[in-house]
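Presented below, as structure tokens, is a lone chain in the form predicted alone.
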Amino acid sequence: MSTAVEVEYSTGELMAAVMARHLRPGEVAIMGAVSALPQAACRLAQLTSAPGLWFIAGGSGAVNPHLDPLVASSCDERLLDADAVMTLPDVILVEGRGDLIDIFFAGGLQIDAHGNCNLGPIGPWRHPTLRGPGGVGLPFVSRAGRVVIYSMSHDRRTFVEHVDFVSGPGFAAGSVALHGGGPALIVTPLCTMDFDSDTHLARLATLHPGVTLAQVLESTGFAPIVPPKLETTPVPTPDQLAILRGLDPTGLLRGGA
């Protein structure tokens, strides 16, 4: 008889664990406004697989915030309980230099097959059907060592063939090469994707437990590359879940942060 105990986890906790595994010791990461997932991923990585990781919680300027508790937005003043706090102009200078940020966590109202992100207008420029909050620091993603894109929605409105407006540049076909490494990973509630090195098109990497290929394809507005064999996304370990729940006593990740 097996003695393994299956531990229940939320989609948010699974995604945070996936993102944490992508981080490496000593790297510097930065994120935008709606940042509970990358905050949790960075702190989890610091405490497990990536000691010495540094992260900046967006426009707050908080460097290695202590996350007591995890908060939903980088605008939350509780993030200022941190190792250090930078001014907003300094945050922007760091983002734009191109030699300091290893990981840029990005998202968008639209994300396309080449990893471009849109936080601006949806629909025609002059008469959009929806106007987003704007890119703020997102244009600097092209200067980061690599970009991790995340979204708590996986549907055809979010994942589109081409974004209506480029707030954060990915691999635009025929364009000048990016200063940085470009998009490296997409993490969604259904799957993870990486990018083909030749075509720079999104490629399915893993399916989350219980998710089918048909479900992902039906929910995606572009045709990702499908490899001959798809792995299942590793679930969070009991130790990872214990750390995440210690950081997140109010359950932001369990409620779909």
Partner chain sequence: MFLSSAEAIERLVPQGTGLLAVGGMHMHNNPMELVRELVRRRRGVRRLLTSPSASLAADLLIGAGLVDEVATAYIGFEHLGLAPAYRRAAESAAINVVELCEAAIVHGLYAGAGGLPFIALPAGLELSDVSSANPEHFRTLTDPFTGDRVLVAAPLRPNVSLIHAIAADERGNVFFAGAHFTDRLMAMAAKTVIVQVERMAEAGEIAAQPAESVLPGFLVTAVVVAPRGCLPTASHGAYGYDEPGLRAYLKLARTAEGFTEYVQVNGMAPSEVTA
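Please read all numbers here as calculations on a predicted model, not as lab measurements. Numbering follows the first chain given and starts at 1.
The same protein also has a form predicted together with its partner chain, omitted here; what follows describes it.
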Do heavy atoms from each of T188, G221 and A223 fall within 4.5 Å of its partner chain in the predicted bound form? no
At the 4.5 Å heavy atom threshold, is R156 in contact with its partner chain in the predicted bound form? no
In the predicted bound form, is there a heavy atom of its partner chain that lies within 4.5 Å of any heavy atom of H114, even though the partner is absent here? no
I'd like to check something about L130: if you look in the predicted bound form, is any of its heavy atoms closer than or equal to 4.5 Å to a heavy atom of its partner chain? yes
Hey, in the predicted bound form, does S74 get a heavy atom within 4.5 angstroms of its partner chain? yes
By the heavy atom within 4.5 Å rule, which residue out of M152, A184, V136, L100 makes contact with its partner chain in the predicted bound form? V136
Which one of these stretches, 45 to 53, 26 to 34, 225 to 233, 203 to 211, sits within 4.5 Å of its partner chain in the predicted bound form when only heavy atoms are counted? 26 to 34
